[in-house]
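Encoded as structure tokens, the following chain is the form predicted alone, with no partner shown.
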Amino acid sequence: MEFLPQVIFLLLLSASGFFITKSILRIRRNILLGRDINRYDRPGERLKMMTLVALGQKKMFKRPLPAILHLFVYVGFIIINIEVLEIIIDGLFGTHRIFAPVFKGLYPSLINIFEFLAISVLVSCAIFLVRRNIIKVKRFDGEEMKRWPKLDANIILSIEIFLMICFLSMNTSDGILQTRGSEHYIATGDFFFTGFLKPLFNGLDNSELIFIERFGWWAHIIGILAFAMYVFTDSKHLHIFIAFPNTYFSKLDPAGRLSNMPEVTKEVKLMLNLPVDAGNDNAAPGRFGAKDVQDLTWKNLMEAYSCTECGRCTSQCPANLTGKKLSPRKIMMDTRDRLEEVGRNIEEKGKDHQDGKSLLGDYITVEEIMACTTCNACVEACPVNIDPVSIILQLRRFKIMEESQAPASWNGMFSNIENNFAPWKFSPSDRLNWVQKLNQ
């Protein structure tokens, strides 16, 4: 019975580790369903991009207030979890504050930093809840933000508040037990912030304080393990981890530069008797554009998992602002939902199973993709460099090149480009007629 708490802790840690590993492998498999694209060049530029955007939160500060609040939560998440290492070691070996003798006089200062961040996280999360549910900031609303997405955000914020309350309660009762010379609670020095909470606990006897301290300890670590498992299931908070590789593999070319379709490039080269890539000259052309998630690139699919659902993209979209149905956030959420559905089909019915559904049609409508102006305002606004325009363009290409279903006004433009090498209906030979008028 002496080692029962350690055995229970080890079982919980192992179970969460198994579940998280399984979830990571599932997400990796789903992302690799996408088509290949080379994003391994220019490693120096990519590392700089990741450092500035993901680690440095550069694009968040275009809106200072939420950026500062988010920074507290972000830094708190990273720094406070250093303290989790001590909890894990204590849990495995039955020790208590094992780092205190190591850091000696520095230990209370470290705890004070953790407590400051814990209070900052608690206050920030409370403000975020008010902004979402009472003030009702417009960008948190929308057709795609009903039911689960709205509940998901509230669940995460509530869990973070609960974890911080557990952490602060644990330290407060621990501090009092230290001053009373209670066995097992070694003297580490005063904790500044929870020192203000001591009057709330001073009337309790030692057994009650030990119960609160133990409850806070177990609830804090179990909450963190549950939080980690939750994040890797079906939560937007997966961006905490995947934002780093997503920004590293960002598109480094100017946002407005459209990439050629390899299938079309190859056909044109063959038609003009130009050399094509080695080993690719006899391959049958693939599908033009994208109908389902497997037709997108692995980077598109990684971006779907990286979406924070913050709505900055939709709030900057000119089509959405003028009442069109398009929401770049919904494009990314639909892509992720469809990808998860395809992944479940593979697990349950095999990789060759066809469910008769597709991303275009069953999730994203033609009306949505045709409303896009390709201005890239959504790409510029995204705090983790997601590119919804790339997905929209690939869906459009499928609709036009595979199904020949372009708007009538577009067909006229396409015909002019084909015959006149320009979007206008004038012959190329008449293109410089305006110069003659200047000489008259």
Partner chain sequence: MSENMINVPTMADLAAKGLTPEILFWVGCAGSFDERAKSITAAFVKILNKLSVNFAVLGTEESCTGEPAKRAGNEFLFQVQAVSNIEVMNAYGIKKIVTACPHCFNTIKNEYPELGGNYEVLHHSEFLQQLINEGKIKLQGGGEFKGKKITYHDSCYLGRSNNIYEAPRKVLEILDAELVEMKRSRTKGLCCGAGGAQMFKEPEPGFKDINIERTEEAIETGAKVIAAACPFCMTMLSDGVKNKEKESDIKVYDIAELIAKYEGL
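Every value quoted in this text rests on a predicted model; they were computed, and no experiment measured them. Numbering follows the first chain given and starts at 1. In this text, the rigid core denotes the largest set of C-alpha atoms whose superposition between the two forms falls within 1.5 Å.
As for the form predicted together with the partner chain, it is not shown, yet the points below apply to it.
Complete contact of Lys324, Arg397 and Asn439 with the partner chain in the model of the complex (any heavy atom, 4.5 Å): The answer is yes: all three residues contact the partner (heavy atom, 4.5 Å cut-off).
Contact residue in the model of the complex, chosen from Met170, Ala319, Ala228, Ile161 - any heavy atom within 4.5 Å of the partner chain: Of Met170, Ala319, Ala228, Ile161, the residue with a heavy atom within 4.5 Å of the partner chain in the model of the complex is Ala319.
Per-stretch contact check against the partner chain in the model of the complex, the hit in 365 to 373, 343 to 351, 146 to 154, 240 to 248 (non-hydrogen atom, 4.5 angstroms): In the other structure, the partner sits against 365 to 373.
The partner chain contact in the model of the complex: Asn206, any heavy atom under 4.5 Å: Answer no; every heavy atom of Asn206 is more than 4.5 Å from the partner chain in the model of the complex.
Contact of Asn38 with the partner chain in the model of the complex (heavy atom, 4.5 Å): It does not: once the partner chain is placed as it appears in the model of the complex, Asn38 has no heavy atom within 4.5 Å of it.
Contact flag, Asp355 vs the partner chain in the model of the complex, heavy atom cut 4.5 Å: No, Asp355 sits far enough from the partner chain in the model of the complex that none of its heavy atoms falls within 4.5 Å.
The partner chain contact at Met413 in the model of the complex, heavy atom, 4.5 Å: Close contact exists here: in the model of the complex, Met413 approaches the partner chain to within 4.5 Å, heavy atoms only.
Residues in 397 to 428 with any heavy atom within 4.5 Å of the partner chain in the model of the complex: Read in sequence order, the residues that approach the partner chain (within 4.5 Å, in the model of the complex) are Arg397, Ile400, Met401, Pro407, Ser409, Trp410, Met413, Phe414, Ile417, Glu418, Phe421, Ala422, Pro423, Trp424, Phe426, Ser427, Pro428.
C-alpha of Asn420 off by 2 Å or more between the shown form and the other one on rigid core: Yes, shifts by 2 Å or more.
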